[in-house]
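The chain below stands alone and is given as structure tokens, in the form predicted alone.
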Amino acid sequence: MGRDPNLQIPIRPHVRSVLRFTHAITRRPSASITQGLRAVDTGAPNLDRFLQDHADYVTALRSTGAVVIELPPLDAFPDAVFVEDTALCLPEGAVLMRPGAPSRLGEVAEMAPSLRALYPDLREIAAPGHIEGGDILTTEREILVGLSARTDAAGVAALTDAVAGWGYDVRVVETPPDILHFKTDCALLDGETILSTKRLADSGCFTGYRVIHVADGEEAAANAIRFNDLVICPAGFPKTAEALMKAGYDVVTVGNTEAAKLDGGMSCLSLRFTPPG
């Protein structure tokens, strides 16, 4: 039976933002990046290489037609290049996070003016909760938040209150031990599909979604982003890239060796959104 053309199916505004974005915010890495936080010390990032990789990343975002706002480096905050942790941006409004790493708390105040210029409704997570954007995955159905060393139950409760009036459902999941952020191990590919490591998918947090596993030994490839028509992945993981292309996705790879030394990936490097109006 065909669908009645007169039937109006309501679509929540945030559904449209899952795959399509008009804007992104990035911040260039500063010379202080060598002092950035890291779970395991695998060597200091090379600033020149990081700057080139970051420029390639911005180019990939802009190739989709999006407006990319590049903020200047912040020497006082070595990890400020990882702007995703400072806010959650939704069509209805934005919520300023409260990072779990004390050295990163000041990054939020630095990001606030840029978001205030785009969002009339800008909310914030207040003490005592902590939450970082790297632990938040927004799908068409819900907002998944992984508890981690950087995101606690009080932070999730504050986020739940902040977005409740916008019609979002928040579901709390556990981030496996030894994984910095929930999105370290997963990425949204489309409304029904998630790219994930086996260790995260095995937790059962993606029940009801289609899951594409990254290749064994390529777990770092899971931190990718779907940005408009592109899936932007870290370079150096050919098996996962091939699997995504075979699944029908338009894949672009960007160097990530220097960000990876600071536990960073593709999602960490930008805020992706469509502002109201």
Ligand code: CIR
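Heads up: residue numbers just count along the shown sequence, starting at 1. As the structure is a prediction and not an experimental result, all values here were calculated from the model.
There is another form of the same protein, the form predicted together with citrulline (CIR); it is not shown, and what comes next is about it.
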In the model of the complex, is there a heavy atom of citrulline (CIR) that lies within 4.5 Å of any heavy atom of Arg104, even though the partner is absent here? yes
Could you confirm whether Glu258 comes within 4.5 Å of citrulline (CIR) in the model of the complex, counting heavy atoms only? no
Would Arg98 show up as a contact with citrulline (CIR) in the model of the complex if we use heavy atoms at 4.5 Å? no
Can Leu37 be called a contact residue for citrulline (CIR) in the model of the complex at 4.5 Å between heavy atoms? yes
151-159, 110-118, 82-90, 164-172: which one contacts citrulline (CIR) in the model of the complex at 4.5 Å, heavy atom to heavy atom? 82-90
Within 4.5 Å, heavy atoms only, which of Leu188, Leu180, Ile143, Cys205 is in contact with citrulline (CIR) in the model of the complex? Leu180
Residues within stretch 213-238 having a non-hydrogen atom within 4.5 Å of citrulline (CIR) in the model of the complex: Asn223
